[in-house]
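Heads up, the chain below is alone and in the form predicted on its own; it's given as C-alpha cells.
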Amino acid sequence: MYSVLQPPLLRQLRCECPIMLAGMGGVARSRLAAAVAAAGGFPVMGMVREPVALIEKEVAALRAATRDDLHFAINLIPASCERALLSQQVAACLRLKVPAMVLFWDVDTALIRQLRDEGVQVIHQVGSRRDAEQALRAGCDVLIAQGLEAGGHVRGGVSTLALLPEIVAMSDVPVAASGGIASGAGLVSALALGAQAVSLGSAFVSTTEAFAHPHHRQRMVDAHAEDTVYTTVFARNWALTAPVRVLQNAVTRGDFDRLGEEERSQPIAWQDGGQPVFLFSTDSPAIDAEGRLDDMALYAGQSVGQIHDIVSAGERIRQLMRDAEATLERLETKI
C-alpha cells in the first residue's frame, strides 16, 4: 500500500484506513459503525439529541459486535439540544468510557476541556478558519474541515477544496476532510491537500448497514451533484435555524410553504417505534419509517454523483481504497 494512504493520524484513531464514518444522527448507529471498524475505518456513531438509553444500547451493541477495547467516537452537537440533555449525554459517555467524541457547530470550550481532562480524545468538525482557531485554543486533538459540498447540517460557506488547505496550514493537529468526497480519487485529492483522513457521510448512507430507509439510499444512488439543495427549510425541531444540504423534494420546491398551522401539525410519517414526523422536521427517514418518506429531509452531499450502488460498508471502503491506489498508480505513470 502507498505510504500516503497510511498517514500518522491512523495511529491516533487506531484504525487501518484513512476513512472516518461521519457521525450522522439517525443513520450512523452500531451496525454501520461495526461494519466500518471491521473494514479498517474509524467508527463514529451519531447520537445528536438522542436519549441516554439509546446511547447505552448502541455503545453496548457496538462493543458486542467488535471488541471491548475498540477505539470509536460518539458525535454530539451541543448547540442542537437542551443543556440538561447534553449534560446527561456527556455523563453517560464518560460513564461508558467512550474513548473519543466528535463535536460540531459552536465551539463549546468548557465541554472540550472537560472531555480532555477526563482523557477523552476530542475531534471537532469546523466550517471556517474562525471555528478552527477556537477549537484549537480549546485543546482539540483532531479537526475535520467540512466544506459547503457536504450533506446534512453545513456549518460554513466555503468549498472543501478552498477550506481544507487553509485549515491544514494553520493547524498544529491532524485535519480530516469532509464534503464532496465519495471516491478514491477524492480521498487522494484530500490527502494531497494535507488532510490525513476523510470523514464520509453520503458514501455510507448508501450502504446495507446504514439505519437509513431504503428509499433514502436509492434516491442517493439515483441522484447527481446538481440534485442537492442547500436550504434552511428543515429546522422545525432544531434548536436553531441551520442550513442543511438535502436532495430536492416537494418541501425544497416550496410546495408546502403556504400550509396553515392545522395542516402543518399533522404527521407525514412515523418512525423509531411509531414516533410522528412532521413537515419541515430535521428527521431523515429511518429504516422503519412509514408514510410520506420523500417529503422528509433526505440528507445528501454533492458527492452523490460518485455513488453508483448500494453495497456493504466494508465493500464501500474496499472500493475507495482500490480506487485510491489506482489513482496513485495513474499519477506516477511516466508520460
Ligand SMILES: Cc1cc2nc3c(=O)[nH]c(=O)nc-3n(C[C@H](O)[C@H](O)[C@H](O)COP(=O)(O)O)c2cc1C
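Since the structure is predicted, the reported quantities are computational estimates derived from the model, not experimental observations. Residue indices: 1-based, along the sequence shown.
The form predicted together with the named molecule is left out here; the points below concern that form.
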- prompt: Within 4.5 Å of the named molecule in the model of the complex, do Gln146, Gly201 and Val205 each have at least one heavy atom?
  reply: yes
- line: The stretch from 34-42, 268-276, 58-66, 301-309 that lies within 4.5 Å of the named molecule in the model of the complex, judged by heavy atoms, is 301-309
- request: Consider Met296 of the chain shown here, and say whether it contacts the named molecule in the model of the complex, taking contact as heavy atoms within 4.5 Å.
  value: no
task: Using the partner position in the model of the complex, report whether Ala135 sits within 4.5 Å of the named molecule, counting heavy atoms only.
output: no
- prompt: Is there a non-hydrogen atom of Ile77 within 4.5 angstroms of a non-hydrogen atom of the named molecule in the model of the complex?
  reply: yes
- request: Using the partner position in the model of the complex, report whether Gly23 sits within 4.5 Å of the named molecule, counting heavy atoms only.
  value: yes
field: Listed residue (Ile167, Met101, Ala210, Ile181) with a non-hydrogen atom within 4.5 angstroms of the named molecule in the model of the complex
entry: Ile181
message: For a quick check, can you give me the residues of 84-100 that have a heavy atom within 4.5 Å of the named molecule in the model of the complex?
response: none
